[in-house]
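Quick setup: one chain, the form predicted alone, written in structure tokens, and binding and motion questions come after.
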Amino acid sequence: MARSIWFTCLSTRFASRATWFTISLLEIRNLVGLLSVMEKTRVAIVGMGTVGTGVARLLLDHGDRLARHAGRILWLEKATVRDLKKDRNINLPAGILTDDLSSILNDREIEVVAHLVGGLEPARTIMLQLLEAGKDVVTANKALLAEHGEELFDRARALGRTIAFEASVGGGIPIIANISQCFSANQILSLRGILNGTSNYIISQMDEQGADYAVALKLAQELGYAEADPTMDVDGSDAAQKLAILAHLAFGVRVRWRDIYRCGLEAFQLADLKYASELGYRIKLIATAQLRSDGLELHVSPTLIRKGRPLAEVRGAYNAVTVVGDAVGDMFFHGQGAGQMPTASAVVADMIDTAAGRTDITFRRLELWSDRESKIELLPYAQTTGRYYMRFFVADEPGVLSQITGILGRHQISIASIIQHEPTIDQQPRKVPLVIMTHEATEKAAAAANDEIRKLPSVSNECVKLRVTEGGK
């Protein structure tokens, strides 16, 4: 049973939160003795939204457990908010909550700050202020790192400070630490991931419940998985920001996330999920980093993955990442990619590592977003290769199939399989779905062929082209 024990030797301000357990006198003496000799690391939180509240809850309710891991007490000194009157569903000890950022900046005893402000501004300015004030920073803001990582990390190094960011990608999944540290003996060969829980939840609802996109999106918003404006989630931008961070860690490349090709959920319809299932696949929004002999392939796109592969079976708002290393082989990471406590777990773990001094060692050694950039070249998206799923609505008349296969042949695209359903009795005009699975082809050839087929008089303008992956995880 988890036990959170508060002692007057720590502070009388927690007396109202005391919980009594039947434990031995020896246990009490040992724990009191351990905590009484531990030093305090005073910490603060900037931004008490959903994640910030979760971080505060862990710091206050499980101080003894955190102290055992950190070797020192993480003492929550301040938490800044914009609106002091807002209900935050947490009882904070008196004197912690404030709307004055300077109370953190000017307090020299506060050493570590959880920076939990979203967006680019004022998030960027606040982080720079914290670094200038001599604070080590822990952040969950992936957009800020993807956009301003170089500036922020250079400034932290110049000031002798650190930035930890495990919670910025994958929520509670420890993917940052694993790629930057645990895989250090490997050349990472590929990364594939479901990096956005909102889009995966929507796809899961469409696939499993037969809901159309609008219905699935509305449900995601009602459950808090999607924002009122879900654009960044569903168009692939959020996943591209996270992929830019992972690619930097794994391959040393510095790539602007806006330069990563991305295609979102608008690229396919409910019918495509059904046709993919007939072929033995599921569709997922996949962020891909693939090291090839001629460079690094980066993109975010809806992708067909064979049923039974771990990525294909990731449901709901979960995230997952597969990593292939030349020494370790295939690895698979799966868990909640968002939500209050999973993300707070990653933030507090970084706070522990920072307080214990581990972050300082890795931060200085890794030299992230520094001038020590990899010589790996990024491949233009048109030069990437893969298999493709193509779906057209075509006139049910002689010669149409030969026209389409002829175009594919001229573009050096070989066909692996074809599905053509009979038209329904009342379907007018007589248009039928035609699904083609290709063998390996370049993106340039596949896109050109798809555009040429779209212009045929016998083909409706509604054409779908999706990537297919089979190997690895």
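Definition used throughout: the rigid core is the maximal C-alpha set that superposes within 1.5 Å between two forms. If you're wondering where the values come from, they're calculated on a predicted model, not measured in any experiment. The numbering used is simple: start at 1 and walk along the sequence shown.
Unshown form predicted together with a small molecule; subsequent notes refer to it.
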statement: Within 4.5 Å of the small molecule in the model of the complex by heavy atoms, the stretch out of 218 to 226, 278 to 286, 176 to 184, 393 to 401 is 218 to 226
Selected contact from Glu147, Asp136, Asp233, Asp353, since only one has a non-hydrogen atom within 4.5 angstroms of the small molecule in the model of the complex: Asp233
statement: The one residue among Lys78, Arg309, Lys142, Arg262 placing a heavy atom within 4.5 Å of the small molecule in the model of the complex is Lys142
- request: Verify the flagged residues Gly386, Glu443 and Thr469 against the small molecule in the model of the complex: is each one within 4.5 Å by a non-hydrogen atom?
  value: no
field: Any non-hydrogen atom of Gly337 within 4.5 angstroms of the small molecule in the model of the complex
entry: yes
- prompt: Ala240: heavy atom within 4.5 Å of the small molecule in the model of the complex?
  reply: no
query: Can you check whether Gly193 is within 4.5 Å of the small molecule in the model of the complex, heavy atom basis?
result: no
field: Partner proximity in the model of the complex: Thr198 to the small molecule, non-hydrogen atom cutoff 4.5 Å
entry: yes
Rigid core superposition, Leu217 Cα moves 2 angstroms or more between this form and the one not shown: yes
